[in-house]
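Below you'll find only one chain, the form predicted on its own, shown as structure tokens.
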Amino acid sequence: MEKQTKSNKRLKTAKELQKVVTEYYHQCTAAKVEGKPVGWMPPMNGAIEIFYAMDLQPVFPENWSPVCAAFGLTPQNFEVSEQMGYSRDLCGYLRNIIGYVNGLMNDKESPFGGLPEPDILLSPGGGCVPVMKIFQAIEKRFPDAKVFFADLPQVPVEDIREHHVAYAICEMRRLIGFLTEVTGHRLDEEKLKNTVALSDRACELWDEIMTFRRYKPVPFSAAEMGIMFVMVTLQGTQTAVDFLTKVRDEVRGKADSGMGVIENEKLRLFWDNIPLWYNMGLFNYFEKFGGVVVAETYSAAWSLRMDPNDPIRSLAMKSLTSYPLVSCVSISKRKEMVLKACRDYAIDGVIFHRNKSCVPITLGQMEIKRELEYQLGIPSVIIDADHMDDRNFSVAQFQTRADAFMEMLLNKKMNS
């Protein structure tokens, strides 16, 4: 097993994703050439649908980092950011994108032609701290870009109240006014409703796709996680709905015919934390033991149902709740989510990725580990790694821990 490996994909639609990804990035570069305003923003917020409804092009620098990891470009980007003084202890997304915009960005050989320079920046006042710092650095790199300083309260999902929603709605309307002023594009309410309807349909399809992972044998695994690309970049578009419809139909067909990821599924596994974007093949490693990663925490934040008849409120709620479902969630809520997923997907064992690049998502793993054993009798193992920087990942250590864990699970299964 190597540090840099791609996953073995079984879904035909997962293999078709390359075309969707390519078309999205070509759309981004074409927008710049054609004079359509390009805006850089963090993922998981209601501005995405507003941009598409106003005929503006959203670009996601955080999402570009996994692309860089997949193409082996992160070492060059890390070298640039570290020469600028950014510590290796900081978030890999932050170090990669700062290195990219100050290094490889103008390289015409970049994957998909690279990212177009931003005309607009949505600088968040919420989400995880590295995301906010990323955009502060990007503001300095692109001083001519018009900047919208967004502000949202950091509230756990379970504590959101009506006054928080009202404030978020005001921020949405302030954003629309800003975009109208700096681009000359006006928002058509009917187009926004249609965009939100498409986004809601994509979420409905995503939820349906995830339910098929409860089947035994499971029809697709975490190795196919790249399909969530459309949930990050293309929510509110017909492209996302069409692609996810194809995925749903293929997965449903496999589930109905009893076709699993592997011929003899013995162990159902859960992955906690962000994947290793430079080594998605790691998910296939467990298959030699009859193990399949059937669920993970990272896919939970991409589906938030919305009401097309009240689009602004829906997008305000999306902006309030998305980040708290991943990186700003309390330990008690994370524990509740992981235990529920383990019940729902009949999990035999949990793999905790102790992620050097994302401390907020890693916090609480030991407590969750204890509760899994105490409440559900589910064993778990901790893997030390990094979702972006392969210097913090030891293949030998991973294999030693994974092999021992899988053998223990098999023995437990045989004796139960």
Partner chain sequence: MTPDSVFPFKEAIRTSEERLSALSESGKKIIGYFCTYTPVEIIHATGLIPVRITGGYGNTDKAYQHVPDFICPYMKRALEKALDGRYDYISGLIQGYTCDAACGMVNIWKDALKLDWVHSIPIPYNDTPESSDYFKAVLDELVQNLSAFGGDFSDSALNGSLNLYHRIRKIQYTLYQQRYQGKSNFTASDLMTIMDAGDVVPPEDYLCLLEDLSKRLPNHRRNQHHRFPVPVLVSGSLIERPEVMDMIESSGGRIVADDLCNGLRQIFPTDGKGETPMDRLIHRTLNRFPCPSRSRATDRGRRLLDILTQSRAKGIIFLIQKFCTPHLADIPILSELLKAKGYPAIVIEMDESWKMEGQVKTRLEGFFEMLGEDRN
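Positions refer to the first chain, counted from 1. Nothing here was measured: the structure is a model prediction, and the numbers come from that model.
We do not show the form predicted in complex with the partner chain, though everything after this point is about it.
Of the heavy atoms in residue 128, some are within 4.5 Å of the partner chain in the predicted bound form. In the predicted bound form, the partner chain sits within 4.5 Å of a heavy atom of residue 364.
At a distance threshold of 4.5 angstroms between non-hydrogen atoms, residue 309 is out of contact with the partner chain in the predicted bound form.
In the predicted bound form, the partner chain lies within 4.5 Å of some heavy atom of residue 359.
Checked against the partner chain in the predicted bound form, the candidates 178, 71, 142, 149 yield a single residue with a heavy atom inside 4.5 Å, and that residue is 149.
Only one of the listed residues (316, 192, 329, 120) places a non-hydrogen atom within 4.5 angstroms of the partner chain in the predicted bound form, and that residue is 329. In summary, the region of this chain contacting the partner chain in the predicted bound form, judged by heavy atoms within 4.5 Å and restricted to 87-95, 257-265, 180-188, 202-210, corresponds to 87-95. In the predicted bound form, the partner chain lies within 4.5 angstroms of at least one heavy atom of each of the following residues of 130-157: 130, 132, 133, 136, 137, 139, 140, 149, 150, 151, 153, 154, 155, in sequence order.
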